[in-house]
Each structure stands twice: as structure tokens, then as C-alpha cells.
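Single chain ahead, by itself, as C-alpha cells, in the form predicted on its own.
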């Protein structure tokens, strides 16, 4: 018995396949419709603009190709991000879609992304007395430094590989966390 795939998932999976051959800008709704075997109009119903398609494709790629391993401690977080950066190096076309999508206005996310909630939960455990404003500020910094955009900027701007980007990430995390008062951290 063949497993049923919903139309939005089929569109996104086909777009990911097409990304192996061309850039996102070179994937037309017509080519995507032909690849999926549906009408172009159906694609427009699901993703009215290319920004909607890009944001959905980025989220889908992140969940299917680059799932972030669970983390509770800062050390676990570092290891998870290192793993993700190595995966980005192995599939740069997919990582660049994520980087580009994060640069556009949000079209889909109403709630904070999984990674934002996970970082805030990690900070609740690691730094239980951190006030809400500082927790959000630190979480935003850590989210950026763990993002496809950070990876892409260092990859294209400085021609760094995953190992070098992991080093830069670790230094950025150290800098962000060093600014927190010692009394904030949970006893080890």
C-alpha cells in the first residue's frame, strides 16, 4: 500500500529535488507544477507568493534535512549546532535556502520557532535567575549564531568550512554568555 503525501509536502519535496539542479530563483511555479504533477494554480493556492514558498521550503528543509538534535545544556547546544554546521557543509544548496528565507519578512511563523523555545528552555535551566529581558536578548543572539544565515555569511564571506565556523560560533557563544552575571548561572 502506497503512503499518501499531502499536496503541500509534495510541492516542498519536489522543490527540494529541483534545488539539486538549480537555484531557488530558477525554480518556476510551472516547473514545480510539472515536477509534482499538479496544476500551477494549485501551487499558487498553497503558496501565493515566492516568499511564502521560500519560507515554507526553508522550514521543511530544516525539519527534514537539518533537524537540530535535542539539547538541555549549553554543551549539548554547542554539539547540536556543530552537527548542524557540518550538515550545512554537506548540503550547501539547502542551507542557503534557509539563510535566504531568514533574511525575508516572516510570512508563516506566528509562534517562536522550535529552536527559540529550546534555547529559552536551556537558559531557564542553566541561568534560572536571568531576567526575562536578558533571557530573550541572549536567546536571540544564540539563535542567530546557530542559524543558517550565520553559517552562510561565514561560508561565502570568508570561505570558512564547518570546522572554522564552529570555532567562530563557540567564540560568539562564549562572548554572549560571559556578559551574564555569575550569580545568574545554576550551580554545577
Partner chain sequence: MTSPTGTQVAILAAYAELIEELGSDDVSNRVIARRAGIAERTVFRNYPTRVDLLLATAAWIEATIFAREESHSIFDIPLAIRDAMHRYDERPELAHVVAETAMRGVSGAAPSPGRAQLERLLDAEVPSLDPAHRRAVIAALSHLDSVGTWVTYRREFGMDRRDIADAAAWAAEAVLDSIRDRVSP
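Positions refer to the first chain, counted from 1. For clarity, every value in this text was computed on a predicted model and none was experimentally measured.
One more form of this protein should be noted, the form predicted together with the partner chain, which is absent from this view; the next part is about it.
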**OP:** May I ask you to state whether residue 157 is within 4.5 Å of the partner chain in the model of the complex, using heavy atom distances?
**Re:** yes
Is there any non-hydrogen atom of residue 116 lying within 4.5 Å of the partner chain in the model of the complex? yes
Decide whether residue 120 counts as a contact residue for the partner chain in the model of the complex under a heavy atom distance cut-off of 4.5 Å. yes
- Message: If we define contact as a non-hydrogen atom of the residue within 4.5 angstroms of the partner, is residue 49 a contact of the partner chain in the model of the complex?
- Response: yes
Only hit among 43, 61, 126, 139 for heavy atom within 4.5 Å of the partner chain in the model of the complex is 139
Check your understanding: Taking 25, 145 and 152 as the candidate spot, are all three within 4.5 angstroms of the partner chain in the model of the complex by heavy atoms?
Key -> yes
In sequence order, the residues of 28-44 that place a heavy atom within 4.5 Å of the partner chain in the model of the complex are none
